[in-house]
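The chain below stands alone and is given in structure tokens; this is the form predicted alone.
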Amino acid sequence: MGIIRTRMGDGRAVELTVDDIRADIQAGTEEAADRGRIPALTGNEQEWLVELFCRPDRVVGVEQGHEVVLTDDGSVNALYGAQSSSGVGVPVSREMGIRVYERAFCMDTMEVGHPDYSFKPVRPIVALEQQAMESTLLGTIIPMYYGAMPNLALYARPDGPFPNPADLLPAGRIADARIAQEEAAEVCSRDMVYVARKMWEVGADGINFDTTASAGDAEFLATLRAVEQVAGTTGLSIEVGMAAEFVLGMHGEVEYQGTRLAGLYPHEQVRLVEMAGAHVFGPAVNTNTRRSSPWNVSRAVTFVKACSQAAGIPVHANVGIGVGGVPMCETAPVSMVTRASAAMVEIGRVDGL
């Protein structure tokens, strides 16, 4: 037990002493507490993490009876996608892949999602996606979501009709950049609502707004507005998964229900998502590739614990490549994935992963 084999945030294998692990865990939770202005993990919780990372087992789990729901975002892509997209290239269709996840991998929910995985390109082919959803529903039992990203960046030139804030901001055209984001957000929100309602028409169980706020606070606002309309006009279960623990202020001034969106952390994001009418929230905490996995897991769990305490809806933490304490590499080490997952459940008190 003198030397422990673990990983860095980029997936590299590294050997640390127990004292090194303990110091990294303390540093990770203190960093999160300082940034989010939230409580650090208690001494007992930190020692639990030390023991978790010192276990000789390659795969670990939660205490029996503490199992949680497993949701996903585009997991079928991992089967039929190419290795360059973190897939394994198995020649299966989306529908076949979903059945594999349901019947062989024992997922609790699944989703239909286009390989492009953004609402903008889905809108013109939504009839085809409706057919895929209806066909999938006829052959499955578990709840079925439709998933895609808001992806506000696709509405800016050269991919979309609006001026690109990435060009305007460096030129000092702050007001023009803000106007462009506001106009793009309106269209983005409209597309999300349109696709969600079309999926409701064919019997989908839910809609997943995935990687929300990847383009900053205006995208977060577009999603919250879409959630409001979908919640008010359909019976879909609405899941909102975030892109990062911190909402970037690309606009800087947009607000929702009197709260400025720039700079919000998970425990603040969840309150607005719940207020808008969503039913599940997925906090995302980014992995620092230059720090150890014990540091990253401790930091991520600190944010998520505060989020769970603030939430009145189920919290399904993002635990995937580069988020939730999981290393940023194409094939995440199962030893670190299971440790991050167990920590999210036992300390973060999440309802799902």
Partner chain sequence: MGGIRTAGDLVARMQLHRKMRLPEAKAYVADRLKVSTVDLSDEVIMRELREELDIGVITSVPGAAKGLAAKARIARLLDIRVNSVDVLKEKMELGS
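None of these values were measured; they are calculated from a predicted model. Residue numbers count along the first chain shown, from 1.
Keep in mind the form predicted together with the partner chain is missing from the figure; the text below concerns it.
This chain lacks the partner; the member of G312, G43, P39, G61 within 4.5 angstroms of the partner chain in the predicted bound form by a non-hydrogen atom is G312. In summary, among the residues A184, A243, A278, V230, the only one with a non-hydrogen atom within 4.5 Å of the partner chain in the predicted bound form is A278. Using a 4.5 angstroms limit between non-hydrogen atoms, E95 is distant from the partner chain in the predicted bound form. The shortest heavy atom separation between D205 and the partner chain in the predicted bound form is within 4.5 Å.
Taking non-hydrogen atoms only, P121 never approaches the partner chain to within 4.5 angstroms in the predicted bound form. The closest heavy atom approach of T109 to the partner chain in the predicted bound form falls within 4.5 Å. Segments offered: 98-106, 113-121, 73-81, 185-193. Contacting the partner chain in the predicted bound form at heavy atom distances within 4.5 Å is 98-106. Taking the partner chain as it sits in the predicted bound form, the stretch 126-156 comes within 4.5 angstroms of it through a non-hydrogen atom at L137, L138, G139, T140, I141, I142, P143, Y145.
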